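Only one chain is shown below, in structure tokens, and it's the form predicted alone.
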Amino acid sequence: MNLRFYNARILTMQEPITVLENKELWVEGERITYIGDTGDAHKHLVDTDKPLPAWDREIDCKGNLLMPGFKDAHTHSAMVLFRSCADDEPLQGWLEKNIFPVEAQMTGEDCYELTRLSCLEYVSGGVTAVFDMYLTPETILDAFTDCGMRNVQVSGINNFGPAPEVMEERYLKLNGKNSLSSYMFGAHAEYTCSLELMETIAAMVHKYKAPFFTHNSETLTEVEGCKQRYGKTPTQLWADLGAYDFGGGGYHMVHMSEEDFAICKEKNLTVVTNPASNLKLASGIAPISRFLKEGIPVAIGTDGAGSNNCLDMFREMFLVTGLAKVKDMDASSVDGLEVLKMATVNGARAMGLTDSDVLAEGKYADLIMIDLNQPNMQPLHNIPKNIVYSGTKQNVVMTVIAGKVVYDHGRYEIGVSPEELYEKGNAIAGRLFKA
């Protein structure tokens, strides 16, 4: 689709981070082909020796903001099934009593429909790509693809499955399946994997020279248990096994030792923080300012809707900086601009989506429009800081992924109606929780 946005403020998220005033942005097919002044558009065509595109839509932004879409860098999308039905318990009990028994009954079709349900929440909240770890990546990938959402699947292999051979088969089969999707190696967590399995995973990482992601140091119980079993923290264990030799990162990373910080820096790991989930499960507050001080990149994820309970990157952004300030007892800790980078640029790069990190000519048109003409955005002293400190999902009025409008002023364009997805989601919940 060819789209012309005009009368726009544009936050490209390229350094230095500034808001461009009264600009145009052109999309041809899946990619951005022009960002600049209206008056320079003709010169751009002459310089590139191209005719004026035939526009499918010309969109007057009326001074609203275009920016890169948010990247939810850790989630379990089909866990919308568990929203508000397994609350108010610590992580281990929450998993063992409420989650694992129901997950054992879930089918690939269940995961497909529940993932499509989550897409409604993603696109209406400005999320253009997700880093998803869940049970049946083949059907989950299909759900995202059918909804027009960019996604990276990561293996959640553990002692209960799948076999390492299946993980490798998925790596080879799902990478390159379409331009919206990819697949990475990962494991659920140290405490759900035997040493033999972890060694096999590390060997596979070396075979393909690939990055690796896992839940890591989410709770004190997890860290202390790993130290009792192996005499080292989860970060040290995975590093010693060689799983981090080609980069990757960890989800949560709340309880970190001095050696853990050094490993993250040495191995160029990305920390994916999930503040709402960590709060709700009383897991702790991640040391975000220390990661930044050490030059360790931080991205942001929502985690699943069972432990959050919503897929809302605005809430996550505020919590990242707010909790850091309280933890450090320093109101200047973790600047809002850094948090906005975590939610966009850093998440994209952690996911390997280097063509979706910023708005620039040649990059994928994965962008959102923020309505600035709402009370919580006024006055316009500092638009990027407004997004972090006062923005909400109600400010997202348009979401574009790979040049396709998937959400537009309350209308969903993902190939299925919200009502149909609500009905299917409730039917699945009724069947599984009755069982």
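All residue numbers refer to positions in the sequence shown, first residue = 1. Just so we're clear, the structure is a prediction, and the values are computed from it rather than from any experiment.
A second form of this protein, the form predicted together with a further copy of the same chain, is not displayed here; the remarks below concern that form.
- Among heavy atoms of residue 346, none comes within 4.5 Å of a further copy of the same chain in the model of the complex.
- At a distance threshold of 4.5 angstroms between non-hydrogen atoms, residue 62 is out of contact with a further copy of the same chain in the model of the complex.
- For the chain shown alone, residue 322 is a contact residue for a further copy of the same chain in the model of the complex, at least one non-hydrogen atom being within 4.5 angstroms.
- Taking the partner from the other structure, a further copy of the same chain in the model of the complex has a heavy atom within 4.5 Å of a heavy atom of residue 330.
- Using a 4.5 angstroms heavy atom cutoff to a further copy of the same chain in the model of the complex, none of 181, 192 and 226 count as contacting.
- Shown alone, this chain has one stretch from 291-299, 144-152, 204-212, 274-282 that lies within 4.5 Å of a further copy of the same chain in the model of the complex by heavy atoms: 274-282.
- For the options 84, 354, 105, 159, the one in contact with a further copy of the same chain in the model of the complex, meaning a heavy atom within 4.5 Å, is 84.
- Proximity to a further copy of the same chain in the model of the complex, taken as a non-hydrogen atom within 4.5 angstroms, holds for one residue of 169, 88, 266, 258, which is 88.
- Contact annotation for 164-199: no residue has a non-hydrogen atom within 4.5 angstroms of a further copy of the same chain in the model of the complex.
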